[in-house]
Every structure is written in structure tokens, then in C-alpha cells.
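Heads up, the chain below is alone and in the form predicted on its own; it's given as C-alpha cells.
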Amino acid sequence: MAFVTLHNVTYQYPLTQSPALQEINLKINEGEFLAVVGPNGAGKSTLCYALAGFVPHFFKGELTGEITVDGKKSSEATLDEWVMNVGLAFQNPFNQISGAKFTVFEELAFGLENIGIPREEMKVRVEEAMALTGIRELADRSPYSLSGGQQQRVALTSILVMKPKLLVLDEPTSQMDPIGTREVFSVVRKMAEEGMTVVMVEHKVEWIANFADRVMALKDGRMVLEGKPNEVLTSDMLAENGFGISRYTSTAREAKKRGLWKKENLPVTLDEAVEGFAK
């Protein structure tokens, strides 16, 4: 049985003319790292909100179909109950900072305080989470004094410290440099290998190809492709419909037209491109 199931999920925001999500059917296994790609307005953030219970419990609107996580239906749970098992890191980390705490350490402990975790356990969990995401040196800094990339790390850590069963990430590396991006993808990969189920919306397809187990492509609120990273990310359909694709895929596709790319599969990453052109 799948750990996460979306069955015929359709959702429309209040006062809008068309659904943001349309007939989404998806199954995600426990410990799987699923990446979600799509052009602007495809419904990616809405999918994150639906998985995290904010749709429809917070944003209201009309939701049909069913979302199930670990055997529990979102329609039968309150938002307070749902967020105990599902953690969401927002696209803009500034929106996730509580404003109630003076330091990063206190900010990370805030969620644990709210659910009554004992003080000593709280300290251990915060220290472990900071070590995992590499932000120990930020512990005594004000969350508002940090760069955008540092705030994104704090937002991710504030979710990891809660130890959710399902981790939902909406473009968690949008403000990070390549080094920070690699570290975050490595952390997320490690959490998946330890059994946490991960859904990540991301535009950086080369990193997705290296770290994700599976990719889902959204367009106009509908799932249009789903499968292994290299199958989905090199699809002609993505290139023709406004999806972001790897520069290496584009180059190899042109080379193939001219008889200069001999491999059957197109590359997504630099290493794949180098190997293919070397032949």
C-alpha cells in the first residue's frame, strides 16, 4: 500500500474561474523522494498546500477527491492533527519565521515547545537538526539578520526538527548558491534513505536527476508525465510546453539532429553529457 495517495484530487481556490489542480492521481511510497516540475502557474505550490493540509482547511475553496497519508484521510483530520505528520517548507522562508523568537536556536525549538516536547529532548533535537543542515554557527543569530539562503536553511531545519513522516518542500533552494543547493539535496536524500517520504517542488533539474527517485510533471493543474528522472526530464513534451530543461539536454538534442549525439538517451547532467559526447 502506498504511503501517500492522491485519488482524483481537484481543487479550486475561492473566487477563481478554473481549478488549480485537476484530477490528480498519484501514489508515493514510504521513503521515496519525488520531485515535482512544471512551468509557472502549473499548480506546484497548490499541490504542496494540498499535501500539507492547508488546502482546503486554511485556503478554503472546493476540494474533491481524496488525499491519504499513512492511512489517514485529510478530509477526516483537522489541520492541527494533519501537521503532526506532514511538514511544509514554504517557497519564501520569510513567511515561515514566527517572529516570536530572538535567535535561530529558539526559532527551531518553537514548534517543539508548542507540542510539549520535554526541554532536554528539545535541545538534543535542535542540535541534531542544525548539525544535519550545517547551520550550527547560526544558532545565536537573529533569524531576521540572515541572508535569503540562510533563512531557507533555517526554514528546512525547523521542519526537520519536528520529524514529520512526509516532508513537503516548495523550491527550498531558490535563494541558494550551488554549494548550498548540493548540501540541501544531500540532506533531503539522506532523510529519504532513513525512511522519510519527500515531495520537493524544484526547477533545478540537474540536481533532481542526481538525487530524486521519481519525477512528476505538472501543467495547468494536471499531471502530464511521471516516471524516472532521466525519462521525464529529457522528454520532448517538456521542451515543447514551457518546462525548464537542462542546458545539457538542449545541447544534446540539437547535436542529435546533426548526427553528433550517438547515445540513445539524452543527458540531464554534465557528467552524462561529457560521457555521451566523448563517444
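A residue's number is simply how far along the shown sequence it sits, counting from 1. The structure presented is a predicted model; accordingly, all values stated were derived computationally and were not measured.
There is another form of the same protein, the form predicted in complex with a small molecule; it is not shown, and what comes next is about it.
Of the listed positions (52, 42, 252, 233), a single one reaches within 4.5 angstroms of the small molecule by any non-hydrogen atom in the predicted complex, namely 42. Stretch-level contact analysis of 243 to 251, 62 to 70, 26 to 34, 42 to 50 against the small molecule in the predicted complex, using heavy atoms and a 4.5 Å limit, identifies 42 to 50. Though the partner is left out of this view, residue 91 does reach within 4.5 Å of the small molecule in the predicted complex, counting heavy atoms only.
Taking non-hydrogen atoms only, residue 171 approaches the small molecule to within 4.5 angstroms in the predicted complex. Using a 4.5 angstroms threshold between heavy atoms, residue 266 stays clear of the small molecule in the predicted complex. By the criterion of a heavy atom within 4.5 Å, residue 261 is excluded from the residues contacting the small molecule in the predicted complex.
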